[in-house]
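Just the one chain here, laid out as structure tokens, in the form predicted alone.
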């Protein structure tokens, strides 16, 4: 693509976003920085940015094939990707298939408990407020999203779950839970944005139950670099 990268627009915990010569496209650069506990724990995971960029792009393309619109445009190199420019809907959308993480503490359910049906959660995407748990009535009252947008996001979130479960099962990985973010295009169309990676998903080896995700960093267990590489190896060869 004949697109020029321009000034940096935004820097988050794991990514930098740059404007380009096309007003409808931005470039995302994936960093090796890792954070946990609301940013209190900081570190790096060697080549995490490469894994997350390549994995997320591959998974986004598979989801596109399944009819779920995403922000993916073109992978430039191991760390940089062109994506559609969106206004992020300020909702973190979490889908849970198995009890893990904060859910186990909040609900008193042992980690590893499988749910009869997937659970959909919303959090208000706001760092100052520590991303509080909300429901769709909050989202409507605070004008974070319209009912139509919430319905679309809900439909896509469950569709992503079904596709991701199949994709991961094919490489002997169990999809425990994951976080999604959605964005609005200039015309208001809702599409899947952000990333899908071991940073945003809990992946367990389906045979051993071994963690293959950011929980290794969160809990100080070690081996996160090898785990990220293992997920990439299984999915991309």
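Residue numbers count along the first chain shown, from 1. Keep in mind the model is a prediction, meaning the values are calculated, not measured.
In what follows, reference is made to the form predicted in complex with uridine-5'-diphosphate (UDP), a form of this protein that is not presented.
- Checking 149, 163, 80, 92 against uridine-5'-diphosphate (UDP) in the predicted complex, a heavy atom within 4.5 Å turns up for just one residue: 92.
- With uridine-5'-diphosphate (UDP) left out of view, the stretch that reaches within 4.5 Å of it through heavy atoms in the predicted complex is, among 83-91, 100-108, 70-78, 141-149, 100-108.
- Although the partner is absent here, residue 179 lies within 4.5 Å of uridine-5'-diphosphate (UDP) in the predicted complex, judged by heavy atoms.
- Heavy atoms of residue 201 reach within 4.5 Å of uridine-5'-diphosphate (UDP) in the predicted complex, making it an interface residue.
- Residue 15 falls outside the set of residues with a heavy atom inside 4.5 Å of uridine-5'-diphosphate (UDP) in the predicted complex.
- Not displayed here, uridine-5'-diphosphate (UDP) is kept clear of residue 136 by more than 4.5 Å at the level of heavy atoms in the predicted complex.
- Applying a 4.5 Å heavy atom cutoff to uridine-5'-diphosphate (UDP) in the predicted complex picks out 121, 131 from 119-145, in order along the sequence.
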